[in-house]
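Take a look at this single chain in structure tokens; it is the form predicted alone.
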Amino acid sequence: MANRTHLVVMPGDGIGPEITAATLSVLQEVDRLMSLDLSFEEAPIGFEALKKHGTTLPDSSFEAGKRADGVILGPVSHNDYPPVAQGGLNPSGEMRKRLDLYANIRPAKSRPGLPSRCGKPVDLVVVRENTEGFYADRNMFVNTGEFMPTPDVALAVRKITRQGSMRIAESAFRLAMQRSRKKVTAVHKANVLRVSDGLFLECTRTVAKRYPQVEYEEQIMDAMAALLVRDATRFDVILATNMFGDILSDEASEISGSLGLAASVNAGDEHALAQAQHGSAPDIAGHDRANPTSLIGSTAMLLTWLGERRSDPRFTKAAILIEHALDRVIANPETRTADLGGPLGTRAFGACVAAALTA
């Protein structure tokens, strides 16, 4: 059917297949309730794809994701992959780069009944640039941004562009306009990285002038890390370059409750990809012990992106239903997973969230 919403699912490594299956059970139920007309296609990545296709990201899997209305990406064990020349591509980084998913949106929000580590409710979002910065696998057109001119010298290149800085700043300020506090904090290290972070701040200040309704402030990276620990509740939308945003989002998610609850979406102008913040946890893979909350919440963010892009309130409402269901299930100690002190496994938790959609 022409109006179907086609989602490509890439289960990944470690606990990826388990949390992906639990997530699909929730999506299928919300599809039934909201008549979203979703269709799903599985595309292999990671070690499974390496065995069958000689690469961790086959061209067929990438093309399936490119054609889809959205992608659900399970965690991958890319640190354990062979070299790129032997097929060991990082599917996460490659998808972000090839689909130009320049905005990594990572909320850190405490859940009812599960106190934050700072003792107060946290509700902030890290808006992280996703396609350049210090990330060596995506800041060069050919090869990587890390190289060794001699066996005893290792160099890394940081790339900051005007285009990249302007568009991620726009994303942050647009998001702030949708939130009640309307505040953006830009994080930098311009006292040391005067040229690259200087350009980032120049672009951010230019965008800030177009949003006089939004309160704007700047914080140096090391001070920002300390301020999050002191009182994360003072922040609303945190805007950062790639590596700084990666570090701060993990810190903020752990403060708000747990990295295992932390959702994220990678979005561009034409494509979006849902992805859990955490890794593949191979030590518990196959034991039905993983918490699928992060990936379930990430797919809710993907539905929100689809709803906004299409001006279709069904998708926005479906995302809200999933978030409320997660809140209800996590609030009850008897329906939590083991990492949160509960008795449930991955499959049972997914089933509880699916059932809670109709509560």
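Given the structure is predicted, the values throughout are model-derived calculations rather than measurements. From 1 onward, residues are counted along the sequence shown.
Below, we refer to the form predicted in complex with adenosine-5'-triphosphate (ATP), which is not included among the displayed structures.
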Item to check | Site test, V76, L259 and I284 vs adenosine-5'-triphosphate (ATP) in the predicted complex, non-hydrogen atom cutoff 4.5 Å | outcome: yes
Checklist entry - With the partner left out of view, is G113 within 4.5 angstroms of adenosine-5'-triphosphate (ATP) in the predicted complex by any non-hydrogen atom? => result no
Checklist entry - A22 near adenosine-5'-triphosphate (ATP) in the predicted complex, any heavy atom under 4.5 Å? => result no
Checklist entry - How about A290: is it within 4.5 Å of adenosine-5'-triphosphate (ATP) in the predicted complex, going by heavy atoms? => result yes
Checklist entry - Is M10 one of the residues lying within 4.5 Å of adenosine-5'-triphosphate (ATP) in the predicted complex, judged by heavy atom distances? => result no
Item to check | Selected contact from T55, S61, T304, S294, since only one has a non-hydrogen atom within 4.5 angstroms of adenosine-5'-triphosphate (ATP) in the predicted complex | outcome: S294
Checklist outcome for this item: The one option of H188, R138, K109, H278 with any heavy atom within 4.5 Å of adenosine-5'-triphosphate (ATP) in the predicted complex is H278
Checklist entry - Which one of these stretches, 259-267, 212-220, 91-99, 121-129, sits within 4.5 Å of adenosine-5'-triphosphate (ATP) in the predicted complex when only heavy atoms are counted? => result 259-267
Checklist entry - Using a 4.5 Å cut-off on heavy atoms, which residues of 15-39 contact adenosine-5'-triphosphate (ATP) in the predicted complex? => result I15
